[in-house]
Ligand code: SAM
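Before any questions on how it binds or moves, here is one chain, the form predicted alone, in structure tokens.
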């Protein structure tokens, strides 16, 4: 699709030229490219045999991405005989090309010459894999939830990250999945059931009021409601609906939510804040606000092997952010050929 076929508002262009400078054209170019399809193998329901030697002849390109030893997730409570490579073989036999996602053992790029409906298979309906954008897999990797922990997912629907966290917890411990939108909770509940998740409680609640429950958590994921400007590849209407008032309104909500999320952490607990926005007001500014409001919040460095990243924005519109913001993770669409994403890891000290 050529740029001239998409109407880009002048205030949108002015805003992003100021933010990106000489990278603006690259941003528009990538925003107009089709988003690559990706899946995540669900080890709750399939046996993890994803070793480089087992993937020969199934995946295209590199099979050994060098991080397989980081993960060894076990099925629980299911003991099905189907293996991860069996699922990939079935997709391969139906004409799907499969490539490894370099930064995640259980993630795979998938493509087909005649179709894009990777969610329209028996294996998907059985919960053997989940159709999930590759960058969306990163926040749970950073949070690193463990079996037995108590985890809060504060804006959980429709459940991509909730089900991924349950998988990493081997269905043990507790996830409280909260969302304010009762209609989106239907999709969340459906996905939890399909993926075989049994350690998650679903709660219809405004995340800003979570403190009223008098519960504290080992870890919290806040994948905040956002403008989606990092995900224009998925919805070109963002070009049309984008406006400064929307960004400011969302930023205010995100600041309220991040305080709420941080306040229910246990001491030494971890909060991961993420958005699929590329707006500083929704990302670095929100984390900066938390640091200003809570002296016991400390930014932690994020290390994800094989993940390409860009520098966070440390100053925007005359406001200079705390220097520790440099440890947060900003991903532009061209870094890994994904959505644009922002992720911060915060410890309560």
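Here the structure is a predicted model, which is why all the values come from computation and not from measurement. Residue numbers count along the first chain shown, from 1.
Keep in mind that the form predicted in complex with the ligand is missing from the display, and what follows is about it.
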Exercise. Which one, 110, 142, 126, 180, lies within 4.5 Å of the ligand in the predicted complex by heavy atoms?
Worked result: 180
For this session: Quick one: from 87, 231, 167, 154, grab the residue that has a heavy atom within 4.5 Å of the ligand in the predicted complex.
Result: 154
For this session: Report whether all of 158, 184 and 223 sit within 4.5 Å of the ligand in the predicted complex, measuring from non-hydrogen atoms.
Result: yes
Problem set entry | Exercise: residue 267 in contact with the ligand in the predicted complex, heavy atom 4.5 Å | no
Exercise. Does the ligand come within 4.5 Å of any heavy atom of residue 101 in the predicted complex?
Worked result: no
Exercise. Heavy atoms within 4.5 Å of the ligand in the predicted complex: does residue 174 have any?
Worked result: no
Problem set entry | 4.5 angstroms heavy atom contact with the ligand in the predicted complex for residue 196 | no
For this session: Choose one stretch from 113-121, 207-215, 90-98, 259-267: the one whose residues place a heavy atom within 4.5 angstroms of the ligand in the predicted complex.
Result: 207-215
For this session: Quick one: name the residues from 234-255 with any non-hydrogen atom within 4.5 angstroms of the ligand in the predicted complex.
Result: 253
